[in-house]
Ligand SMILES: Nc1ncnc2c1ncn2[C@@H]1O[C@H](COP(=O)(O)OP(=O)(O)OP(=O)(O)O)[C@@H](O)[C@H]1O
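Just one chain is shown here, as C-alpha coordinates, and it is the form predicted on its own.
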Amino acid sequence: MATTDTDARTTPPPGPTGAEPAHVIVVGCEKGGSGKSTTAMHLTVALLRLGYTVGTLDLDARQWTLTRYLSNRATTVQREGRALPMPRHFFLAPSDKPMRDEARAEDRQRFQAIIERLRGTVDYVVIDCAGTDSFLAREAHSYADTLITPMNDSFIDLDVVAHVDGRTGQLIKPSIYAEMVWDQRKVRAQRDGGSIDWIVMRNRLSNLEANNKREMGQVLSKLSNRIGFRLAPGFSERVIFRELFLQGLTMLDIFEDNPGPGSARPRMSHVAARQEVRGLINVLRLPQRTPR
(Lines give C-alpha, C1' and ligand atoms only; values in the text may rest on other atoms or scores of the structure.)
Protein backbone atom coordinates (compact mmCIF):
# COMPACT_ATOMS: atom_id res chain seq x y z
CA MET A 1 0.00 0.00 0.00
CA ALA A 2 1.08 3.59 -0.55
CA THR A 3 2.14 5.43 2.55
CA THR A 4 -0.94 7.31 3.70
CA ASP A 5 -0.90 9.90 6.44
CA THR A 6 -4.61 9.78 7.07
CA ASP A 7 -7.57 7.63 6.25
CA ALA A 8 -11.15 8.67 5.58
CA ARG A 9 -11.97 9.17 9.25
CA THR A 10 -8.90 10.68 10.91
CA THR A 11 -7.55 14.20 11.13
CA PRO A 12 -3.80 14.91 11.23
CA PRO A 13 -2.35 17.24 13.84
CA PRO A 14 -1.38 20.73 12.65
CA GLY A 15 1.98 21.13 10.96
CA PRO A 16 4.72 23.58 11.88
CA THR A 17 4.06 27.28 11.42
CA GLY A 18 6.26 29.97 9.91
CA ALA A 19 7.14 28.12 6.69
CA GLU A 20 6.37 29.52 3.26
CA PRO A 21 2.92 28.13 2.37
CA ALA A 22 2.89 25.46 -0.30
CA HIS A 23 1.49 26.27 -3.74
CA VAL A 24 -1.83 24.42 -4.09
CA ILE A 25 -2.66 22.81 -7.46
CA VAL A 26 -6.18 21.44 -7.89
CA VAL A 27 -7.04 19.09 -10.76
CA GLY A 28 -10.80 19.34 -11.23
CA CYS A 29 -13.44 18.66 -13.86
CA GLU A 30 -17.09 17.65 -13.46
CA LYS A 31 -16.82 14.92 -16.08
CA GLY A 32 -15.35 11.46 -15.70
CA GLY A 33 -12.68 10.07 -18.01
CA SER A 34 -10.98 13.38 -18.72
CA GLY A 35 -7.57 12.30 -17.39
CA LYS A 36 -7.56 14.04 -14.00
CA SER A 37 -5.67 11.36 -12.08
CA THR A 38 -3.13 10.80 -14.87
CA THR A 39 -2.51 14.54 -14.93
CA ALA A 40 -2.23 14.75 -11.13
CA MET A 41 0.20 11.82 -11.00
CA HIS A 42 2.48 13.06 -13.77
CA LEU A 43 2.52 16.56 -12.33
CA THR A 44 3.35 15.18 -8.87
CA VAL A 45 6.27 13.08 -10.14
CA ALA A 46 7.57 15.93 -12.30
CA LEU A 47 7.75 18.20 -9.24
CA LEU A 48 9.31 15.46 -7.12
CA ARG A 49 12.01 14.87 -9.73
CA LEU A 50 12.75 18.60 -9.78
CA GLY A 51 13.71 18.22 -6.12
CA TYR A 52 10.53 19.58 -4.51
CA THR A 53 8.54 18.01 -1.71
CA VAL A 54 4.96 17.29 -2.71
CA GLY A 55 1.78 16.44 -0.82
CA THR A 56 -1.13 14.78 -2.60
CA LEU A 57 -4.80 14.60 -1.62
CA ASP A 58 -7.32 12.25 -3.25
CA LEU A 59 -10.96 13.38 -2.95
CA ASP A 60 -12.46 10.85 -5.37
CA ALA A 61 -14.15 8.54 -2.88
CA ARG A 62 -15.78 6.42 -5.61
CA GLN A 63 -12.63 5.61 -7.58
CA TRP A 64 -9.57 6.44 -5.42
CA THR A 65 -7.58 6.35 -8.67
CA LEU A 66 -4.69 8.51 -7.47
CA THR A 67 -4.49 6.51 -4.23
CA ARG A 68 -4.39 3.23 -6.18
CA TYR A 69 -1.79 4.72 -8.55
CA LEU A 70 0.48 5.52 -5.59
CA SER A 71 -0.18 2.12 -4.02
CA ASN A 72 0.98 0.48 -7.26
CA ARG A 73 4.05 2.72 -7.19
CA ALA A 74 4.92 1.66 -3.63
CA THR A 75 4.55 -1.99 -4.65
CA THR A 76 6.99 -1.44 -7.53
CA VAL A 77 9.48 0.14 -5.12
CA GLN A 78 9.24 -2.83 -2.75
CA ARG A 79 9.24 -5.53 -5.44
CA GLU A 80 11.95 -4.14 -7.72
CA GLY A 81 13.97 -2.02 -5.32
CA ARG A 82 13.66 1.05 -7.54
CA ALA A 83 14.37 4.48 -6.05
CA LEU A 84 11.13 6.17 -7.06
CA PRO A 85 10.29 9.49 -5.37
CA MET A 86 7.01 9.45 -3.42
CA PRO A 87 4.74 12.27 -2.25
CA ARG A 88 3.15 12.59 1.17
CA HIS A 89 -0.30 11.23 0.45
CA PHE A 90 -3.73 11.71 2.03
CA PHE A 91 -7.17 10.55 0.99
CA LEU A 92 -10.45 11.91 2.27
CA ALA A 93 -13.99 10.58 1.90
CA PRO A 94 -17.09 12.68 2.55
CA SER A 95 -18.60 12.65 6.03
CA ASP A 96 -21.31 10.06 6.68
CA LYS A 97 -23.19 12.23 9.17
CA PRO A 98 -26.92 12.20 8.29
CA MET A 99 -27.50 15.95 8.74
CA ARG A 100 -26.16 17.98 5.79
CA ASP A 101 -24.92 20.93 7.87
CA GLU A 102 -23.09 18.62 10.28
CA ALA A 103 -21.58 16.64 7.41
CA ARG A 104 -20.35 19.77 5.66
CA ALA A 105 -18.88 21.14 8.89
CA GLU A 106 -16.97 17.89 9.42
CA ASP A 107 -15.81 17.82 5.78
CA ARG A 108 -14.55 21.41 6.01
CA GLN A 109 -12.75 20.79 9.30
CA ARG A 110 -10.96 17.64 8.09
CA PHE A 111 -10.10 19.12 4.69
CA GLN A 112 -8.68 22.32 6.19
CA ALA A 113 -6.67 20.34 8.75
CA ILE A 114 -5.00 18.33 5.97
CA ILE A 115 -4.34 21.40 3.83
CA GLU A 116 -2.85 23.39 6.71
CA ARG A 117 -0.63 20.44 7.64
CA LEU A 118 0.66 20.07 4.08
CA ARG A 119 1.02 23.77 3.33
CA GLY A 120 3.54 24.07 6.15
CA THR A 121 5.60 20.98 5.33
CA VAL A 122 5.83 20.62 1.53
CA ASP A 123 6.53 22.85 -1.48
CA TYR A 124 3.50 21.89 -3.55
CA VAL A 125 0.13 20.29 -2.86
CA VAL A 126 -1.67 18.44 -5.67
CA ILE A 127 -5.38 17.69 -5.14
CA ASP A 128 -7.26 15.22 -7.35
CA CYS A 129 -11.04 15.86 -7.33
CA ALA A 130 -13.85 13.51 -8.30
CA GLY A 131 -15.61 13.96 -11.64
CA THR A 132 -18.79 15.16 -9.94
CA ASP A 133 -19.96 18.22 -8.06
CA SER A 134 -19.52 17.89 -4.29
CA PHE A 135 -18.97 20.02 -1.23
CA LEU A 136 -15.39 18.77 -0.86
CA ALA A 137 -14.63 19.56 -4.51
CA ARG A 138 -15.92 23.10 -4.08
CA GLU A 139 -13.87 23.51 -0.91
CA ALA A 140 -10.76 22.29 -2.75
CA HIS A 141 -11.32 24.68 -5.67
CA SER A 142 -11.50 27.62 -3.26
CA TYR A 143 -7.98 26.81 -2.02
CA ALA A 144 -6.42 26.48 -5.49
CA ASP A 145 -3.54 28.71 -6.50
CA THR A 146 -3.50 26.86 -9.82
CA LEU A 147 -6.59 25.07 -11.13
CA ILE A 148 -6.16 22.55 -13.96
CA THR A 149 -9.29 21.36 -15.76
CA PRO A 150 -8.51 18.51 -18.17
CA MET A 151 -11.07 18.02 -20.92
CA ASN A 152 -11.16 15.69 -23.89
CA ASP A 153 -10.53 17.63 -27.09
CA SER A 154 -14.03 17.13 -28.44
CA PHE A 155 -17.11 19.26 -28.92
CA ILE A 156 -18.96 16.60 -26.91
CA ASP A 157 -16.92 17.62 -23.86
CA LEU A 158 -16.98 21.36 -24.51
CA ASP A 159 -19.91 21.77 -22.15
CA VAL A 160 -17.43 21.25 -19.32
CA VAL A 161 -16.65 24.96 -19.63
CA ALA A 162 -19.47 26.53 -21.67
CA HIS A 163 -22.58 26.12 -23.79
CA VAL A 164 -21.97 27.44 -27.30
CA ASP A 165 -24.04 28.01 -30.42
CA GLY A 166 -23.52 25.00 -32.69
CA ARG A 167 -23.59 27.13 -35.85
CA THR A 168 -21.50 30.13 -34.84
CA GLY A 169 -19.39 28.82 -31.97
CA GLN A 170 -20.40 31.86 -29.93
CA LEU A 171 -20.85 31.66 -26.17
CA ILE A 172 -24.43 31.15 -25.01
CA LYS A 173 -23.61 30.90 -21.32
CA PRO A 174 -20.89 29.53 -19.03
CA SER A 175 -21.30 25.95 -17.84
CA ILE A 176 -22.42 25.08 -14.32
CA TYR A 177 -18.82 24.10 -13.61
CA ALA A 178 -17.48 27.45 -14.88
CA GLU A 179 -19.98 29.25 -12.66
CA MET A 180 -18.81 27.15 -9.71
CA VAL A 181 -15.19 28.12 -10.42
CA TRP A 182 -16.24 31.79 -10.52
CA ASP A 183 -18.00 31.39 -7.15
CA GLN A 184 -14.90 29.79 -5.59
CA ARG A 185 -12.72 32.57 -6.98
CA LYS A 186 -14.87 35.00 -5.00
CA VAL A 187 -14.64 32.80 -1.90
CA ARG A 188 -10.86 32.72 -2.23
CA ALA A 189 -10.61 36.49 -2.69
CA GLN A 190 -12.78 37.14 0.34
CA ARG A 191 -10.90 34.66 2.53
CA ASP A 192 -7.29 35.71 1.93
CA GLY A 193 -7.18 38.08 -1.06
CA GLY A 194 -5.71 35.36 -3.26
CA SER A 195 -6.48 34.51 -6.87
CA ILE A 196 -6.90 31.31 -8.89
CA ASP A 197 -4.99 30.78 -12.13
CA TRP A 198 -7.42 28.59 -14.11
CA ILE A 199 -5.99 26.45 -16.92
CA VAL A 200 -8.10 24.33 -19.27
CA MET A 201 -6.01 21.43 -20.54
CA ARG A 202 -6.86 19.91 -23.93
CA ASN A 203 -6.43 16.17 -23.42
CA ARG A 204 -6.42 13.34 -25.97
CA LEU A 205 -5.29 15.69 -28.69
CA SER A 206 -5.21 14.14 -32.14
CA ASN A 207 -1.80 13.83 -33.78
CA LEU A 208 -3.44 14.84 -37.06
CA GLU A 209 -4.20 18.45 -37.95
CA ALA A 210 -7.91 17.68 -38.30
CA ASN A 211 -10.68 20.26 -38.80
CA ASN A 212 -12.18 19.33 -35.42
CA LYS A 213 -8.88 20.08 -33.69
CA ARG A 214 -8.56 23.51 -35.34
CA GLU A 215 -12.19 24.42 -34.68
CA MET A 216 -11.90 23.39 -31.03
CA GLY A 217 -8.83 25.58 -30.68
CA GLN A 218 -10.63 28.57 -32.16
CA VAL A 219 -13.71 28.16 -29.96
CA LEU A 220 -11.67 27.62 -26.79
CA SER A 221 -9.51 30.67 -27.53
CA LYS A 222 -12.65 32.83 -27.68
CA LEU A 223 -14.06 31.27 -24.51
CA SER A 224 -10.80 31.71 -22.59
CA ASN A 225 -11.11 35.49 -22.85
CA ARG A 226 -14.81 35.53 -22.03
CA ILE A 227 -14.80 33.08 -19.12
CA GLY A 228 -11.32 33.66 -17.73
CA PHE A 229 -8.99 30.69 -18.21
CA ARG A 230 -5.71 29.92 -19.96
CA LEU A 231 -5.27 27.06 -22.44
CA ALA A 232 -2.70 24.29 -22.19
CA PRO A 233 -1.96 21.33 -24.47
CA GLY A 234 -2.48 18.04 -22.67
CA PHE A 235 -1.73 14.40 -23.35
CA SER A 236 -2.44 12.46 -26.53
CA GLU A 237 -4.37 9.19 -26.48
CA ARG A 238 -1.49 6.81 -25.80
CA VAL A 239 -1.70 3.22 -24.55
CA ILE A 240 1.48 3.79 -22.53
CA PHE A 241 -0.33 6.05 -20.05
CA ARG A 242 -2.76 3.25 -19.16
CA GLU A 243 -0.02 0.63 -18.98
CA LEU A 244 2.09 2.66 -16.58
CA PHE A 245 -0.75 2.86 -14.05
CA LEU A 246 -0.37 -0.83 -13.10
CA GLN A 247 3.22 -0.19 -12.00
CA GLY A 248 2.56 3.25 -10.55
CA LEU A 249 4.98 4.77 -13.03
CA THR A 250 4.96 7.94 -15.14
CA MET A 251 6.67 8.88 -18.38
CA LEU A 252 9.35 10.69 -16.40
CA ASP A 253 10.25 7.53 -14.48
CA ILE A 254 10.98 5.68 -17.72
CA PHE A 255 13.72 8.14 -18.63
CA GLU A 256 15.04 9.36 -15.28
CA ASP A 257 15.15 6.12 -13.32
CA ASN A 258 17.50 3.20 -14.02
CA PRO A 259 15.30 0.10 -13.76
CA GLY A 260 18.04 -2.38 -14.62
CA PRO A 261 19.57 -4.15 -17.63
CA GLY A 262 16.50 -6.30 -18.38
CA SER A 263 14.08 -3.43 -18.95
CA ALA A 264 12.84 -2.25 -22.33
CA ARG A 265 14.39 0.84 -23.87
CA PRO A 266 12.18 3.93 -24.34
CA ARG A 267 10.53 4.19 -27.75
CA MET A 268 9.82 7.28 -29.87
CA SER A 269 6.23 7.34 -28.58
CA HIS A 270 7.65 7.54 -25.06
CA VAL A 271 9.81 10.50 -26.06
CA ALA A 272 6.77 12.30 -27.48
CA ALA A 273 4.73 11.58 -24.34
CA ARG A 274 7.52 12.91 -22.12
CA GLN A 275 7.57 16.12 -24.16
CA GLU A 276 3.84 16.50 -23.55
CA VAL A 277 4.42 16.32 -19.79
CA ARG A 278 7.23 18.85 -19.98
CA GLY A 279 5.09 21.12 -22.16
CA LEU A 280 2.35 21.13 -19.54
CA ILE A 281 4.79 22.04 -16.77
CA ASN A 282 6.08 24.99 -18.81
CA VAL A 283 2.58 26.31 -19.57
CA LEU A 284 1.55 26.17 -15.91
CA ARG A 285 4.20 28.78 -15.02
CA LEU A 286 4.38 27.57 -11.42
CA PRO A 287 6.25 29.82 -9.00
CA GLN A 288 9.91 29.05 -8.42
CA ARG A 289 10.52 27.91 -4.86
CA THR A 290 13.48 26.96 -2.75
CA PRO A 291 13.03 23.22 -2.11
CA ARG A 292 12.52 22.35 1.55
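Residue indices: 1-based, along the sequence shown. Given the structure is predicted, the values throughout are model-derived calculations rather than measurements.
Below: the form predicted in complex with the ligand, not depicted.
Novice: Could you tell me if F229 has a non-hydrogen atom within 4.5 Å of the ligand in the predicted complex?
Specialist: The answer is no: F229 has no heavy atom within 4.5 Å of the ligand.
Novice: Does at least one non-hydrogen atom of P174 fall within 4.5 angstroms of the ligand in the predicted complex?
Specialist: So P174 does not count as contacting the ligand.
Novice: Consider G248 of the chain shown here, and say whether it contacts the ligand in the predicted complex, taking contact as heavy atoms within 4.5 Å.
Specialist: The answer is no: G248 has no heavy atom within 4.5 Å of the ligand.
Novice: Determine whether any heavy atom of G55 comes within 4.5 Å of a heavy atom of the ligand in the predicted complex, and answer yes or no.
Specialist: Flag for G55 set to no.
Novice: Decide if the three candidate residues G33, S37 and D60 all line the ligand in the predicted complex, where lining means a heavy atom within 4.5 Å.
Specialist: Verified in the predicted complex; spot residues all in contact, yes.
Novice: Which single stretch, out of 181-189, 117-125, 196-204, 103-111, brings residue heavy atoms within 4.5 Å of the ligand in the predicted complex?
Specialist: Heavy-atom contact with the partner occurs in 196-204.
Novice: Can you pick out, from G131, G169, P94, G217, the residue that has a heavy atom within 4.5 Å of the ligand in the predicted complex?
Specialist: That would be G131.
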